[in-house]
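Structure 1 and structure 2 below are two forms of the same protein chain, each written out on its own as structure tokens.
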Structure 1
């Protein structure tokens, strides 16, 4: 909170007679955003912010965290979120706020000492407001990244129905705790939705197996069994088999196969599907 006369000086500075400060602000801010955002949309956005800022200063606030600045903070948060979703950089977002300094620069050459002092005080406030926008922008970008990561994880963990009563999860890439949880949830839900009794987890595309990955797989298999289904792990390459033995990992009575085709044949036999031998040794 600042003294009433200082706040009034800041209001006077922003309400220069004969000037449309909000329009000049938008014009100045449009430079870095040229071709990416219309001047009309930018002016509408900044005019709303300008009105809220002037009103907050009239109420005696000159601190971004002051209660009177609640509407300003809300508008800045929405501005930052919008910029983040549209792919603008943090610098472009902050410059939209800081460009108001450039609009009021003539005060330094033409104004009084008191007006110059108000300009510097307002400059400090705008610095704080720009930092607030960067914080809001960063938070939004982090949220977007988390959502995108979850979407990618969903896409990279498909559950495929191979046959009536047989489903499979072909895994590609690193298997960690978060992804294993997704695998387990999707696999168990697919068992319910399809009424399948045979599940295959294919790890052909998993580059390496360590103790943690093996434990993740074991937990998933136990969960499948608790659902009343049988689970087979396929894609056990020689290098992975050697690693599992070297690590002393016990798969117990879990059925494993070298390829997905082998695992499917096993699942079909367990499902009671007759396998017919064709010429050339193919079934």
Structure 2
């Protein structure tokens, strides 16, 4: 029964006589957000949260993870999500919750000892709530990062057609097994779709090569050959060539060229196209 009373005290504290706590809360919270969010929207959000919090306490919720708090948690998650999406910092998100403490601070000076006690307990509860906010915020950010990584993966592996029967993949960024898989699938599918017999993998944009990356590269080339096409690796920078040799990576009979232009020339020659330079060219 004691718990019940504590909760009732908290409710009394929150629904202070003659004060619109929710409005004051919104006023307080809007300060750190520096006009990046309208006061009206903020007040609507916090009033909803305030109502839910009072209701939860009235039903005897003891801490953040109590069953009665589920509504509060849902609202907090929603709030953190929208804050994370809009690019607010974690501090700015948590301060929205913590500013309720500031609103009720006068109790410490004017109220009785009991009221001060319940203010302290409410403070602990608000700390937990803001902690919960941070967690939800981080999770949203995490999800955002995962989605972006996937998008990046799709964007970063275009297969381009250079000539009839010649396709190329300009690789940009580090190769890992997940990316190699995507590159391999896209390249092989493009071979089938375009009926190309020459494929060029350009690694100008690959910052570094280690044995793992080379392994992935070799796998892709073997798969291309299995399909019945030929594969040239181009864009090998001087440092990368030195690294490959120093690491003792065996490229075997895989055709390598220094630049994409050289690789294209080779691919064209292999597919029976002759390039002729005119003596009286414009340049």
Partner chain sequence: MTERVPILRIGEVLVVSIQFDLEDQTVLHLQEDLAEQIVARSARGVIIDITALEIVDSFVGRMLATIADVSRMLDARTVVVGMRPAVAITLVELGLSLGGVDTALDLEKGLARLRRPARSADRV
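Each form is matched to the other, and the largest set of C-alpha atoms that superpose within 1.5 Å is called the rigid core. The model shown is predicted, which means the values in this text are computed figures rather than measured ones. Residue numbers count along the first chain shown, from 1.
(Q) Looking for the form predicted in complex with the partner chain among these two structures; is it 1 or 2? (A) That would be structure 2, which is the form predicted in complex with the partner chain.
Q.
After superposing the rigid core, is the C-alpha displacement of residue 198 2 Å or more between structures 1 and 2?
A. Yes; that C-alpha moves by at least 2 Å between structures 1 and 2.
Q. When the two forms are laid on each other by their rigid core, does residue 103 show a Cα shift of 2 Å or more between structures 1 and 2?
A. False for residue 103: its C-alpha shift is below 2 Å.
(Q) Relative to the superposed rigid core, does residue 42 relocate between structures 1 and 2 - that is, does its Cα move 2 Å or more? (A) No; residue 42 is a residue whose C-alpha shifts by less than 2 Å between structures 1 and 2 when the cores are overlaid.
Q: After aligning on the rigid core, report the distance the C-alpha of residue 216 travels between structures 1 and 2, in angstrom.
A: Comparing between structures 1 and 2 after core fitting, residue 216 shifts 2.6 Å at its C-alpha.
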